[in-house]
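The chain below stands alone and is given as structure tokens, in the form predicted alone.
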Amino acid sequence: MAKETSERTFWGRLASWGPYHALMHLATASPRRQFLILAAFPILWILTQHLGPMLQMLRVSLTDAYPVAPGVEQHFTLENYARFFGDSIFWQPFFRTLIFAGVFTFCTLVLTYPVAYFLARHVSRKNQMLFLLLLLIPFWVGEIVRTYAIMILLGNTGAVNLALKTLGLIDRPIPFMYTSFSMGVGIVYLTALYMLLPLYSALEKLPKSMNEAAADLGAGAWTRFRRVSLPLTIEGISSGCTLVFLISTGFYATPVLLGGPSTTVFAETIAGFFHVAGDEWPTGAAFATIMFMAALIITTVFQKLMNSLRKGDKK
């Protein structure tokens, strides 16, 4: 009790202290100043932890050597980018990555939309947080552990093959592993959360009265979904697809563990340059920049397309 009284006395004295009061008044004098103070740390974090490394990668991609050996002069060059455009051997994993990312994003959307719809529209509000928590539990485990779980599930002696054999559907194990299927299952599993949450957020905001009104006007279940629910959740679909696509283009460990020679993605090509001693780091940085810019352009076009669809629905 005495400790709480002394703490209240301390903070009371601090609040009435002239310099402190003047400083607080200066900091909160205008809404703009309040915003700058609140946003200072997030902006600093973005600049140092996100934008900074990207700019450094861009700088390295424009050099002929990195790290620079003692006594060696570093020169700026565009040869690292020319290497990608001049050698078609790098194009296959590059376009394969973009195609895989697009297909896996669509699969994730198709698989998670019904889950988000059921959770937002058919589960009582008091139980929604419990269901969300149950869905989030697997994501408390690291990416590598979850990838190994998929390997155990799809292996020749894994749960899927054992179940199919027990049911008498197969005589020999189906080789699921080290194919585009196993890699797709792993990536969809790892990115499902990033699709589920934006979809749930968009669906949860929809008033149920709109579907009820459509039903009263004679619209069936499919018509209500196609004409009411789906158009009003375009924003959630756009956000979820953008997140999943960008994340899918950068996966490295999962394609290495679950994929095979025919599923090599561009991240593995990039990593190969960083694993080699010598002056290959600038090439790897250039290829990473190309992948980032390509993914950014695709998502920008996708966002504009979705925005136009949303504006068309509003009209």
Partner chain sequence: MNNRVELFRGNRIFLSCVYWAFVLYVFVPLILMVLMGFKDSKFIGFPIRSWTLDWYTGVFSDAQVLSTFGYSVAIAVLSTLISVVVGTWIAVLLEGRKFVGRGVTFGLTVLPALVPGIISAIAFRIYARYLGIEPGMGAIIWAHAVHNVPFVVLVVMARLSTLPKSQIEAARDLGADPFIAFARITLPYLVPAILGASIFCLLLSFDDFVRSFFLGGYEPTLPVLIFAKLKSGMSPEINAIATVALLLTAVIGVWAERFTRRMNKES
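In this text, rigid core is short for the largest set of C-alphas that superpose within 1.5 Å between two forms. Since the structure is predicted, the reported quantities are computational estimates derived from the model, not experimental observations. Residue numbers count along the first chain shown, from 1.
The protein also exists as the form predicted in complex with its partner chain; that form is not presented, and the subsequent description refers to it.
Not displayed here, its partner chain is approached by N211 to within 4.5 Å at the level of heavy atoms in the predicted bound form. Its partner chain in the predicted bound form comes within 4.5 Å of no heavy atom belonging to A65. Though the partner is left out of this view, E143 does reach within 4.5 Å of its partner chain in the predicted bound form, counting heavy atoms only.
When contacts are judged by a 4.5 Å heavy atom cut-off, Y117 counts as touching its partner chain in the predicted bound form. Using a 4.5 angstroms heavy atom cutoff to its partner chain in the predicted bound form, all of I37, W45 and F292 count as contacting. Contact annotation: of the candidates V103, L78, A215, V72, the single residue with a non-hydrogen atom within 4.5 angstroms of its partner chain in the predicted bound form is A215. With the core held fixed, the Cα of Y252 is displaced between the shown form and the other one by less than 2 Å.
P261 is not among the residues whose C-alpha shifts by 2 Å or more between the shown form and the other one once the rigid core is aligned; its shift stays under 2 Å. Core-aligned CA deviation for L47 between the shown form and the other one: 2 Å or greater.
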